[in-house]
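This document opens with one chain alone, in structure tokens, the form predicted alone.
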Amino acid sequence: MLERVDYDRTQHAGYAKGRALLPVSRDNWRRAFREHAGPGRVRTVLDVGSGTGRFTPVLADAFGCAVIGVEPAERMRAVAETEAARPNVEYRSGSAADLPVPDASADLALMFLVWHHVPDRAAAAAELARVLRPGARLLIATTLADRRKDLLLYRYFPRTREIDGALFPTRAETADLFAAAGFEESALVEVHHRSAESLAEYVERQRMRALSVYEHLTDEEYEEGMAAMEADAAAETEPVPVEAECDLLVLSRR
């Protein structure tokens, strides 16, 4: 079993810069969130596993309502409170299995690349069912083990494909677990995400080691992959964006 990533020990230092959203990606995700928020007025949104606040302000902009970012890692939360503060955004300590909000108090919840970090997924699904009102939507942006994309990352760090296969559940496993907690699948869509405008920019981001999968690589694997990536970036004559289609699983609270 892979060791859990401790975001208070690693990741927090370079995460905000290494994973900063490009405007085109921010727009694409905001549009997807609005499109799949479901019927009814959205008054309170939860960003579960909000990290450094990468998507919390995006949710606030999308819905113009109160957004609560819930994050267990103190150092990630501290970055969010400094760099992603907004008048209608609040960051609280908590986790997917222990959300600091009342029953049926949220109209929408987002988990963005968080689900694979949750140690007790059944408890988290039950807790999300508790805090979401009937008819509310849960949006899960995640890799699904049986729907892995042909990511550029896999080319330079081949073992990351294997790691993702071990870390992420399948679509059926995820749907079945949430069905038991009182959810039903409404949609599974792909959202176009651009990580960098060129390979050279992507290299700069990867040097910040802001992807949690790097925590499972040896230093030798990481440096070997970076050397190959840097060589290709140096040979790049025409900038080519680094982008992929990302899965967004939409679940409705029964």
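Counting begins at 1, following the sequence as shown. Fair warning: this is a prediction, and the values are worked out from it, not measured in the lab.
Unshown form predicted together with a small molecule; subsequent notes refer to it.
Contact with the small molecule in the model of the complex, judged as any non-hydrogen atom within 4.5 angstroms, is confined among 151-159, 132-140, 179-187, 68-76 to 68-76. Residue contact check for residue 125: none of its heavy atoms lie within 4.5 Å of the small molecule in the model of the complex. Among residues of the shown chain, residue 45 is not one whose heavy atoms approach the small molecule to within 4.5 Å in the model of the complex. Although the partner is absent from this view, residue 95 contacts the small molecule in the model of the complex, with a non-hydrogen atom inside 4.5 angstroms. Taking the partner from the other structure, the small molecule in the model of the complex has a heavy atom within 4.5 Å of a heavy atom of residue 118. Among 89, 175, 114, 101, the residue placing a heavy atom within 4.5 Å of the small molecule in the model of the complex is 114.
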